[in-house]
Each structure stands twice: as C-alpha cells, then as structure tokens.
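Shown next as structure tokens: one chain only, the form predicted on its own.
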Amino acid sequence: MPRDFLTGARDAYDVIVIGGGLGGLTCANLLGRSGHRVLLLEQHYKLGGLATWFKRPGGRIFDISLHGFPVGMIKSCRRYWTSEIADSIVPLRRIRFDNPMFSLTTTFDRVDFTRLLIDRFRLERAAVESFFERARGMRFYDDQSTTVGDLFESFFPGREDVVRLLMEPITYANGSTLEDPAIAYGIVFSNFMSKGVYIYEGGTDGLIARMGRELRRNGVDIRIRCPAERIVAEGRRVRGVVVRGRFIGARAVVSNASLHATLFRLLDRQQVDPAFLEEAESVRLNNSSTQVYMALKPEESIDESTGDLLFSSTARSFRTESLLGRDITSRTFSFYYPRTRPHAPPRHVIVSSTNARYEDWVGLPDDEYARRKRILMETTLDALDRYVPRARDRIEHVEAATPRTFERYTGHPSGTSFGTKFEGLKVSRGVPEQVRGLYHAGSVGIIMSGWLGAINYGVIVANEVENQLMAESRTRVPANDA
C-alpha cells in the first residue's frame, strides 16, 4: 500500500503552515515555541524551499542557494532559531569582480567599498558617504517613484563603472534591476554593506537539519510530501486546509506558497474582494535563474585566492537585458571549498548562476531543451577555464538547472527565484484583511527576498498570528460557563 504521510495527524490544529521555505519554517518554529499546536505541510520530500541542496554519488553535495547573506542573519538565527545555528554563520573574505571595466577583490563591507570608491574609482568622500547614508535610511514605506537608476544618477552621474560595482551583486542576490524602486535596492544593499557577506558553515543540508530538529523540539508536526490542495474559508474566515483529500481544521493558516498560488490556486476567489484580486493579478513576478553545478575530481583542488564569490562578465557595460538574455555574458561563480562542510569528505564544488527568463525555456521540445542545457554547460565550462585552468580535465561531474527545473521542484510560477516584484508586498500584507485568520509569508518584494528577508517575514507573520490567537482566547467563553 502507498504510504499515508498524514498518519497520526490531528483533525485540527491552532495553526497550519503551508510550505517549508525559510519564512514558513521560522513562522512555525516561533508559534510552536509559544505552545501552539502547529502543522507544517511541505509538498517536497525535504524542507527549505529554495534554501536547499542535492546529492550525487561520490560525496558530491550541491547547494542551490547558499552564497551568501548579510550579517543580520546571525542575530535573527540566534533570536528565532538557536545559538548553535547562529554560531555557524561565518564571513566570506574574497568577493571578486572581473569585467571589461575593472577587476578587483573586496571584503564587501562598507569600509572596503568606501576605500575602493575613493581610491580606485576616484569619487569624492562626501558623495560616497552620502550615498551610503541615503541607502541606510530607506524604509519600505518610502516613495516608490524613484528608480534604482535614478538613485545612481543622482549620486554618481555618468559613472557606469560605479553602477556596475554597486549593482551586480544585488542583482545576483535578489534580481533587482535599474528599473525597480530605489528602496527595493537600497534596503538590501545597506544590509550587505554593513559588515559584508556571510555563509552557513556546514552547508544548507546542515542548516535545514538543525532547523528540523528545533521544530520538532518545539512540537511542530512536520509532514513532507503533503501538498495543500485547498485553503477552506467560509464567510471570509479561514477554517482549515484540504491536504491529500483530507480536511484538517485550523484557527489560522499561514501560506508560505507563492502569492499567486495562494490567492489563485489554493483559495476560493469568492472569499476575496474583486478589487483586491485585480490588484493581485497585476503583481509582477521576478525573474528566474539557470545554474550549472560542477564537482572537481577528489584529487583536484582550487586555490582559495580564486575567491568565494566571483562576479564575472564579458559585457562591456551593465545592462539588465544582458543579464537576462539567452546569450549569457554575466555569470556568478560560487566556490565551495572543503571548509564549507568541514565534517564531510573534502570536496571542491563550483556553482555558476545566471538570471534568466522563464519564457526562453518553457515549451521547448525535449530534444531542443536538452540541446540548450548542453550549450549552457559547455559555455559555462568555457567561461570557468579563465579562472580554473584546465577546468574540463579537472571536473568529473556537470549538470544544469533551468527555470523549468525550479518551477518543477518549488512550484513557483514561472520558476521565479525571488517571488514577486515590490508591489507584491502590499498585497501579501493585505491578505488577512480579506480572509480573517489567513496570512501570507512568501517572497514578496525585493525587501523580503533572500534568506534574511524570508526569516524576518516569517517572524512578522508569526507575531500577527500570535496576536490573533491570544485575542480569540481572551474572548472565548469557557464551555462550563455557557
């Protein structure tokens, strides 16, 4: 008989969390820690969402999304997860840029970027300091009419080289473009610029394993291979979730699925105002990605002077279109040295990431899709050879992922890597006003993208759910007093 992944599950919980991305995991953990009965439903066979990994024979482990995040992850993980997790977050020291405009290495913090911008790019200190202060002072409720391009032009007019230095890493981190609202860039940039880029020592598999253990210690009922089929609401009030054909009741439901899937696939549209749905339909999706995973032979190694993150490009200037086009000119190479997983067999792994359009990959015949993946891998190996000489001879395993891959394994519409554009944040925050007891905690808006954004948004939603449950408990009449 097929396994019943809901065996032993209750008929009702205080809270059901749909989706085990970092936002959903954090929300479930905090609510479980507070003593609430929490059910976590994950459609995949492992937790993490895009914070995930896969294994291949021979001790090869490839991280899908690991390099890197800002120092704020340490504080958030210590407060909302465990000190054990926080203590394993360590800085990356060698961030490299190599393109026709400049080639340099940086620690990627405010002190070093200030030095580079003044000494290398010959900018006035006053302009550099003013830019950093402007970015640091941005808040999500600020004016959205100023674009990222406008912001750069106001501080560094005509300096495309400066734009490239300041923009390429953030585009890699969360898909930001020159046409997006300036606040969507500024908040993320200032977070990274405070003290640089960090990584989890132990790999994504180690992180998610520790999070899973903490969830179980806090009483969260975790169910994998359990995709939610429907969010049940009556009279604009959430009642529960249908999963694997079974209804399970809940006082609150938190969807960590994509915003579009939550509103247009899981929820009955009759429960939501037409004007709200119209606003939600206009929310734009962020772009997707391609990745190429490469493992060196066990006897081969890479000198760490190669860098931890390498922003490599052959394009003469920084353009959003060139970052998304099929003719790839810009790649971000993430180098994973044995110190990434100090307790595992010593292996050197490289992941190449590029932003990509879903429409360039969807709908292709199988043979054409396979041909384009081969081209993606071959051209990536060609580009890598500049930094890892004789790369083809030293690498024993290569494979690729496309927007179709990400759509298949995450369920994200169009395989989006960063959720929705900035306007999605307002819609996400408005979900509980439409259906009482229903919340959304997915990747919405550049601010909430990335590991730290996902965790912190899970915290925000957990606090709102906690307030709802407490308010209902205060007004509930005990049965023996009725």
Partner chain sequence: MTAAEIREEILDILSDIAPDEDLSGLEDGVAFRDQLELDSMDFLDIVMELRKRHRIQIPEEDYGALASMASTVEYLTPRMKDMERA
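Positions refer to the first chain, counted from 1. Every value quoted in this text rests on a predicted model; they were computed, and no experiment measured them.
FYI, the form predicted in complex with the partner chain isn't displayed, but the following is about it.
- Only one of 204 to 212, 257 to 265, 285 to 293, 78 to 86 places residue heavy atoms within 4.5 angstroms of the partner chain in the model of the complex, namely 78 to 86.
- Although the partner is absent here, Glu466 lies within 4.5 Å of the partner chain in the model of the complex, judged by heavy atoms.
- Contact check for Arg122: every heavy atom lies farther than 4.5 Å from the partner chain in the model of the complex.
- Although the partner is absent here, Lys195 is a contact residue: one of its heavy atoms lies within 4.5 angstroms of the partner chain in the model of the complex.
- Of the heavy atoms in Met470, some are within 4.5 Å of the partner chain in the model of the complex.
- Between the options Asn456, Ser414, Gln43, Gln434, the residue in contact with the partner chain in the model of the complex by a heavy atom within 4.5 angstroms is Asn456.
- In the model of the complex, the partner chain lies within 4.5 angstroms of a heavy atom of only one residue of 406 to 432, namely Arg429.
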